[in-house]
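In the block that follows, a single chain appears as C-alpha cells, in the form predicted alone.
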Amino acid sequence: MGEGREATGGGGAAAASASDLLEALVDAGHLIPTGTPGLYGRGAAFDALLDRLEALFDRLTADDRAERLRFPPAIGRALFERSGYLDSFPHLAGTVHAFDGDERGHRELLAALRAGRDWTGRQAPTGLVLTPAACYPVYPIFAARGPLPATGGIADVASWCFRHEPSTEPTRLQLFRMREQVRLGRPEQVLDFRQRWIERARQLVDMLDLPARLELAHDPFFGRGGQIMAASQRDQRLKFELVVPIADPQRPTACMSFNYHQDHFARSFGIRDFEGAPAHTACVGFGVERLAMALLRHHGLDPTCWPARIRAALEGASP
C-alpha cells in the first residue's frame, strides 16, 4: 500500500505525538476546540476535505447500486436494545435525557444551577439513544420488507455517531461521521462483499498515498467476558481493520473496518433470506474524520499543497 509522507505544519517538525497533532490541527484551523475532550468544531478547509472524501466514496461505490439511506444521530431505545450493543459495549453508549418536571421542578433546577450544584436530577430518559454505529437503523428496515430477494440486499448508509470515550487524542472523537455499506444475504454473498471491499480499500489508500496495512482485529468489548468475545472474534476472523499511523506511529489508527456479523442481526431483527433462513450480514465502514486526519498527517496541513495525484483523486479528475 502507499508509503505516504509525514506532515509538517508549514515547515515545522513532523507531529510526534497525539498532543502535537492536536495542536497542529487546531493551529491550522482544521479543528476548533469546544472545551470538551473529543468534541470539536470543524474549520472550512477540514469540512471541505470531509465532503471530498465522501464524494470519493460515492465514486468508488457507484457500480454497487446500493440503496442510499441517511439517518439522524439518534435511534429509538427499542431498536438499540435489540441490537445487543449493551451486551458488549455498555461503556460507550449514550442516552438522551430531557427535563420532565413541573414549574416547581423548574425552580429547583434553576436553584441548583445557580448554586453550582448538579441540576440533572429532573432529567428523564426520552426513549432515544445516540447512534453508536451508522448501520443499526438498516436492519429493522430490511426485516420489515419480508424475505430478501435471491440477490440479497445492499445499503449505503451515513450518520453522525456517538461513543463515550473522551480523549485528547484527535482521532478518538466522541461525535463523528461514519459512512458504511451494509450487505445482507447468504454467507457466501456477504463474505464475497467483504473481500471485494478489502481489495477496494487497498485501491483507495494507494490513490491517497497513505502508509496503511490490513490487520485482523476485534471490537473493544467490555469486562472480563469481553476478553473471551474478543478472542472468539479474532479466531473466527470476523473483523479486519485498515490502519494508518496518525497520532502515534507505534499504534496505528483504524480508518476502515470490515465486519462479518454472521446471523447476529438477522436473529435480533428477524431478517430472512429468500429461502426463509436467517440472513447473514456484513458491513464496511470508514471514519471520515480519521481518514481526513491521516491525509493531513502524511501530506501536510494545507491540502492545496498536496501532490497533484492526490488532489485529483479527491476532486474526481485526472492529474
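Remember, predicted model here, so these are calculated numbers, not experimental data. Counting begins at 1, following the sequence as shown.
If you look for the form predicted together with a small molecule, you will not find it shown, but the lines that follow are about it.
- Residue in contact with the small molecule in the predicted bound form (any heavy atom within 4.5 Å), chosen from Leu173, Val190, Val205, Leu238: Leu173.
- Though the small molecule is absent from this view, in the predicted bound form it lies within 4.5 Å of a heavy atom of just one residue from Glu165, Glu215, Glu81, Asp248, which is Glu165.
- Although the partner is absent here, Leu53 is not a contact residue: none of its heavy atoms lies within 4.5 angstroms of the small molecule in the predicted bound form.
- Within 4.5 Å of any heavy atom of the small molecule in the predicted bound form lies no heavy atom of His30.
- Using a 4.5 angstroms limit between non-hydrogen atoms, Tyr260 is distant from the small molecule in the predicted bound form.
- For the chain shown alone, Gly285 is a contact residue for the small molecule in the predicted bound form, at least one non-hydrogen atom being within 4.5 angstroms.
- In short, of 113-121, 206-214, 174-182, 93-101 it is 174-182 that has heavy atoms within 4.5 Å of the small molecule in the predicted bound form.
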